[in-house]
Each structure stands twice: as C-alpha cells, then as structure tokens.
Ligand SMILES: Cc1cc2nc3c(=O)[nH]c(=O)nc-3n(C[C@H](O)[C@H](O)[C@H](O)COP(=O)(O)OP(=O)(O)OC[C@H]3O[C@@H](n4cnc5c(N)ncnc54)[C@H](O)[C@@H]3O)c2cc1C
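Take a look at this one chain, the form predicted alone, written out in structure tokens.
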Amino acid sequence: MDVKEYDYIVVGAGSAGCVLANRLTEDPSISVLLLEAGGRDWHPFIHMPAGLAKLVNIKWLNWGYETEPEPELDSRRLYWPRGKVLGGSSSINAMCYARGHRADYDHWADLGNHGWSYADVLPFFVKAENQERGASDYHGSDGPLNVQDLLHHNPLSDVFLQAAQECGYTANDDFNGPTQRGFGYYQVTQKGGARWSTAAGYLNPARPRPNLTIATKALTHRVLLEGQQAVGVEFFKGRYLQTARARCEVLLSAGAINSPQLLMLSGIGPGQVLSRCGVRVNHELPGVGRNLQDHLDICTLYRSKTDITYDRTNDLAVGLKYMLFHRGVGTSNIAESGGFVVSDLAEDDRPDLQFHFVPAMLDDHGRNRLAGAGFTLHCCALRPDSRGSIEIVSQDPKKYPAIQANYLSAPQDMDLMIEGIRLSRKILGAKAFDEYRADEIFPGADVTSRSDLEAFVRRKAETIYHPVGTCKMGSDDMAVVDSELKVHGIEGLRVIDASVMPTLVSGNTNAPTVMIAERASALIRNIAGYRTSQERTDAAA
C-alpha cells in the first residue's frame, strides 16, 4: 500500500479544521492533509441562511447523534445534530456570532491555562474576523470569517426587542464589545446574505495551494502510535483502509464527540472503557471523554393573532428571491434577535441566561411542525454545573459513541431553567406583544406551579448545540491537553476544537472554536501572534 507523508494531518474539516488547513499552508514549506468524514458543502440549503430549517432532515449532512436516555429528562434520548460536511457545524448552524464573556477566558487562565485569558485570546478573535462595521479595539476587518448585520428580519423581532426594553433590559447592538448583557440583533457569519462557514471563509481560499490535500468521505479510524509518539493515522476512504504518516504532528479537530472517540479508538483514554471494548491501552488518560458540558435550552411558545411569522412563508417565493437577488427571508438566520441576562440567581456579574427569539413556532428542532402561526423564545442556562461523558462502545469507528450528557444532574441547573421560563413569559407578556400574542402553547397557561414547570422542562428541554469539554485543557489529573493543546503523555498529537474548553463559554461556541484554531495555528508555526499578553508587554518594554 502506498503510504503518503505530510508534515501535518488534520482530522476534521469543521469549524477548527478549516482554520488550521488555511493557516498552516500559508507557509508553502508546510504540507497538510485534511481529512473529512462528510462530503462537499454543495447543497443549496447550506448557503441560503434560511435553509437551515431544512438541513435538520438531510441525513448525509448530519451525524444525527442521540444521547443515551437522560435520567433527569424523563429518560429521553436527545437529538444532537452535528455537521458532517466541509465546514462541519459551521455549515448547518444558525450563524450567530457570539464570543462569550471576557471572564470566561480569564477563568480558563485562572485554572492554570497560561495564555488563554481574555487579553490573550482577543487578538485571535480580531485576527479571524472581517467585521463589516469596521475595525475597532474589539473587532478585525481583514480576517477570513465575515461577520455582518442581518440583511432581513421579521417585524416581530423588532417587537421582541421593544418588549425587552419595556421589561427594563438595556439595548445592546454588539454582544462582542465592551458589554455583553442586554438585547439586540445577533450579528451573523454571512457574506452578502449567504452563509459564511469556515469552509467558505478559510478552506476555499486555500484550495489552490499545492501543499494542501483535502480528502472528503474519509472516516478516520485511529491515530498511529510508535511508543508514545503519534506518527500518522488510519482512515477509511470508501471501503478501503488507508494510512497516512505525519512528519510533524497529528491534529485532531473532529469536535467534542469525535475527538475523544478517536483518542479512545487509538488506545488513549480511560483504561476501563478501552478494555471493555477490546481496545489495547496505549496510554491511560482518564479525562478523555469526561467533563462533557452543553447548554440545555427550553422554549416558550405562543400562537400569533396574525400571519406575520415565518410559519406560512411561501418557500418557493423565498427561494426564488434569494437565488435572484440574495435578499429577503432567505437571508435570515431565523434566530434573528436575542439577549443576555444576569438573573437573580447569578453568582457574579456575568450573564447566566441567553435568549434567542424565533418569529415562528419551533418544536423538537423544527422536526415537529405545529399547525398555525406563532413565535418562540429559546432560553438556555449558560454555565451549567452538570457534567457528562462520551464513551466508545466498540472498536468500530462507524459505531457511534455513547453520549451521556447528564443534564440537570446538578440540581441548581433546574433552578436556572425555571428562571428562564419565568423571564421568557415576562418578555413575551409585555405590552409590545399585545396585538400579536394569542394563547400560550408551551409551557401552557395552566403550567404555573414549581412541580409542573419542572415536569415541563423534563419533558421538553433540548440541546442548543454547544457540547464542549471532552478533551479539556489543563494540568490536573483529568486534563487531556496542556495549554498548547498537546495531548498529555503523547508526542506529536494535539486536539484543537471545542473539546479542549475546560468550561463552557457564556454564549454560542462557533466563534470561540475558530479562535482556538487561530491561536493553535500560531502556536504550531511559532509566529509572533502566539505570545501571551504578558509576553507582548515584556517585548514592548
């Protein structure tokens, strides 16, 4: 078998992997192989933002995971969509550009992760971004990731923002600026009204480079080890098992589910789990697959007195206008507006609840279409205390791992979900909605007691698609990678994606994942941008 060699092998062409492929091959002397289990991002619903409502049912674009039965959620198996296509989940998400709170990153640094404070990571957010409003202390204007204001929004999104102000909340037109709290429109990763995934922003410009090789529909089986050194990977391309060798490093960017799965399939992880599946233990690393965190979300729905919502939109007319002009409803990300609130339960001055307003009725990720017209308010608890795990169940890489999120295993997380419903009802019950608001669908007007609200949460809460933490960064016994994202105890192997986050950020996770890959690229290439804030200060002095 012809075994090819590359300087770096990147596993996963998602939100992080596309960044790595671009930044590493900027140096023409560096060769990169990029492996992606999914296919090309050709489907038109990927590129038309409002098409995200249809993507949930296109199985070949989506891993379509399900959790194990969740004990605190009526033993339901929750649906976890993840992108299986170039661009990964940045090709199927709602495109909200939100970085989280500065204290999230300072907390990472406080945990012993040198170089990951807010001052350290801000330059990489700026480097990644092409902010159409222009450059500032918080924003860049020449990066690959285009960020723009929505070209279209539903009138009800304005009503929602008016209602939030009637309830005493401040307006905020930049959740990524000096202050996160408040309500406003989300900026989106779009360009000219089209989705701007990392495949569009980072990978496409790098495609012509002769030092980049892209392999799609290539399912990585395991990392090849020689002693405690990663030397390559085995992957399936079609029915055939192939091998590629890495002269420098193997970089896992397969996401919070697949990266820990690959480590375990390679014999790196909790020995008991590996032995149970017949995998030889090459390196005992108990934290692999542990520390799983996710934002649990609850929706409050009302029927609308009018047809102003998106529920009865003419799909043909929307698609035609989009194809001809890149304008109209087709450019909407649907979750157009929202906000961040510091609730009465917050432990510090960081927002602990996030809202996404949808001018349509949304149930079960859009898979359950409700009759009529209405509107939905998502609310998620931003920093849950509950922790879960990912475990392989077989040596076969095609077998999905067991996902046990353990939602609400920490009782205080339920308190925040109940508070989120209370505040959702307060905002949707404001005067601004009087001419639009009909009856309450969920939780339902008769659901008022604590026990009834808890029962509603257990019956209806779902993920809002932000799993992280399963290969956490740190130096404690359960850490998987160090502050340079190198796997503890293994040479030539890094994990670079959302799985390395030691704790969840207070917001959407796509922009932080891009930042992590930008910083990792600078670390790998050992260029000036990798230096920490203290090192930059010392150099300036």
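Residue indices: 1-based, along the sequence shown. Quick caveat, the model's predicted, so the values are computed rather than measured.
Only in words, not in the display: the form predicted together with the ligand, which the text now covers.
- At a distance threshold of 4.5 angstroms between non-hydrogen atoms, F45 is out of contact with the ligand in the predicted complex.
- Although the partner is absent from this view, T220 contacts the ligand in the predicted complex, with a non-hydrogen atom inside 4.5 angstroms.
- With a 4.5 Å cutoff on heavy atoms, V480 does not count as touching the ligand in the predicted complex; it lies far away.
- Put simply, A94 is close to the ligand in the predicted complex: some heavy atom of it is within 4.5 Å.
- Listed residues C380, L428, A405, L262 were compared with the ligand in the predicted complex; L262 is the one with a heavy atom within 4.5 Å.
- With the partner omitted from this view, the residue of P351, G287, G143, G255 that lies near the ligand in the predicted complex is G255 [heavy atom within 4.5 Å].
- Per the 4.5 Å heavy atom criterion, the ligand in the predicted complex is contacted by stretch 83-91, the sole one of 415-423, 441-449, 83-91, 338-346.
- Contacts between stretch 5-35 and the ligand, counted in the predicted complex as any heavy atom lying within 4.5 Å, involve V11, G12, A13, G14, S15, A16, L35, listed in sequence order.
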